[in-house]
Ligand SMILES: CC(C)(COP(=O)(O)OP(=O)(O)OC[C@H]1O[C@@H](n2cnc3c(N)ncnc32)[C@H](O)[C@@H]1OP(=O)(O)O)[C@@H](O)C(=O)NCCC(=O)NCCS
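Presented as structure tokens, the chain that follows is alone, the form predicted alone.
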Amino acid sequence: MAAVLTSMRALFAPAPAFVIDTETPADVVAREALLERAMGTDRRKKSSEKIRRNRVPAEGLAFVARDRDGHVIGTVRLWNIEAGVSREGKAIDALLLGPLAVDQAHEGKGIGAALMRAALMEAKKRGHGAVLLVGDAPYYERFGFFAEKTQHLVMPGPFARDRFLSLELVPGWLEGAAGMVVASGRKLSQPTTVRRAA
């Protein structure tokens, strides 16, 4: 009887307000429209965007939040980078997070935090050692991001030093990191030209 009652409750329970899901190719248009609304066209001029340009996100690390109807209402992606070099001169593999955006109509529901937790948990599960981002310290500090380990790293182009933050998923991963942050992930494949027969 208890099992029947539990399944009846589940049947009539309200659907969650949102779910976190892996991004699919079908989400591209909705994601880009959301980013334009949330961040404007100037987002393409940021130093983080220079790193992401013509690259694909790190394997398995692109997420969306969907509402009850399946519409994209939030997005976050992580990108493969080299976070400068170690004291021994070895490139330090890491991830760059961003952009993180939530549709304005759905702000304040914990969607951004849920996207962050999902992205960081999956990055750790996949064996990544550190995540960097450029963002508001008061927001990202609750997830463990601080400016301490990025002091000797620089982004390509202008960036706000106090907004350049990192989180070590593996303690000591960014120890001694210095130099330029550069893209290291897969490049977008070039569209093939199709010749039509005359």
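When you see a residue number, it is the position in the sequence shown, counting from 1. Here the structure is a predicted model, which is why all the values come from computation and not from measurement.
The same protein also has a form predicted in complex with this ligand, omitted here; what follows describes it.
K.L.:
Counting any heavy atom within 4.5 Å as contact, can you tell me which stretch out of 139-147, 25-33, 154-162, 50-58 lines this ligand in the predicted bound form?
P.N.:
Comparing against this ligand in the predicted bound form, the contact stretch is 139-147.
K.L.:
Which one of Leu96, Leu120, Ala101, Val72 is close to this ligand in the predicted bound form, taking close to mean a heavy atom within 4.5 Å?
P.N.:
After the contact test, the surviving option is Ala101.
K.L.:
Please run the contact check for Leu169 against this ligand in the predicted bound form: heavy atoms, 4.5 angstroms, yes or no?
P.N.:
Heavy-atom contact with this ligand at 4.5 Å: absent for Leu169.
K.L.:
Does this ligand get within 4.5 angstroms of any non-hydrogen atom of Ala62 in the predicted bound form?
P.N.:
Answer no; every heavy atom of Ala62 is more than 4.5 Å from this ligand in the predicted bound form.
K.L.:
Ile92 near this ligand in the predicted bound form, any heavy atom under 4.5 Å?
P.N.:
Heavy-atom contact with this ligand at 4.5 Å: absent for Ile92.
K.L.:
Mark His128 yes when one of its heavy atoms lies within 4.5 Å of a heavy atom of this ligand in the predicted bound form, and no otherwise.
P.N.:
Although this ligand is absent here, His128 would stay clear of it in the predicted bound form, with no heavy atoms inside 4.5 Å.
K.L.:
With this ligand taken in the predicted bound form, which residues across 80-96 come within 4.5 angstroms through any non-hydrogen atom?
P.N.:
If the 4.5 Å heavy-atom criterion is applied to this ligand in the predicted bound form, 80-96 yields nothing.
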